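There is one chain below, alone, in structure tokens, taken in the form predicted alone.
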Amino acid sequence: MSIYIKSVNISGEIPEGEYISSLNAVKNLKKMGSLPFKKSVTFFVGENGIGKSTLIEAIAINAGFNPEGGSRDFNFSTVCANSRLYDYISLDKGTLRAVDGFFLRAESFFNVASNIDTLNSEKPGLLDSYGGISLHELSHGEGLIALVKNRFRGKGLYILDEPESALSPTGLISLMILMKSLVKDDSQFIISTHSPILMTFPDSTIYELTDGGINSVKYDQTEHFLLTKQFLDSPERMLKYIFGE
């Protein structure tokens, strides 16, 4: 098992005026001081607005990745919307250096695919590393799976922000199969997700980010899993409750 990032740490005083200081994920990380990564796969889960993606982004930038996604070689920018959290954290890195790496964020996947096409026009043959076809010629989910299958080469650090947004349940299972193979090949994943399916990945750490703290939990203890199970066990009863009928 290779751990390329051992922990994320608060290393600076965040000004009270910055919006990131109001995010519960940031507040709770400040209280802890440090958050360890002890497994090859670590998940961040929690409600919208808690700060998962902001934290994932800051980790990725500190690890040398482009804020909008891609490998460490990507340097394009279509919009400057990243937070400044990366200025106030540091990463405790392992003794081994990742040979490969990629930052994948759902909201800017289109921009990454476009940049790959641009780079291929400048350096023909680059698309071979992504399956030999423009990711724009595939559906969002197909493109994501093609990216992981062809571009993720192993012995790498892979940071994914809500990959499930593009994937069907079958696609999620395909992603997990690819992840398992990459983990066996000394890779580390840090993933922000809402998917109860993805959270079941074996021998992983799940950090549930809530208003009250950041806690390590089992997948069947997460609010996402419990609510989804409750709904699917009795959708009619849940719909009556939701709609007040």
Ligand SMILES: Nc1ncnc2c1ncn2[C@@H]1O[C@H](COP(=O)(O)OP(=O)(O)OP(=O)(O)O)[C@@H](O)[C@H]1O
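Note that residue numbering begins at 1 and tracks the sequence as displayed. Quick caveat, the model's predicted, so the values are computed rather than measured.
Below, we refer to the form predicted together with the ligand, which is not included among the displayed structures.
Among residues of the shown chain, S53 is one whose heavy atoms approach the ligand to within 4.5 Å in the model of the complex.
The ligand in the model of the complex comes within 4.5 Å of a heavy atom belonging to H194. Although the partner is absent here, D185 is not a contact residue: none of its heavy atoms lies within 4.5 angstroms of the ligand in the model of the complex. In the model of the complex, the ligand sits within 4.5 Å of a heavy atom belonging to L23.
Only one of G212, G49, G33, P202 lies close to the ligand in the model of the complex, with a heavy atom inside 4.5 Å, and it is G49. Contact with the ligand in the model of the complex, defined as any heavy atom within 4.5 Å, is confined among 58-66, 177-185, 41-49, 214-222 to 41-49.
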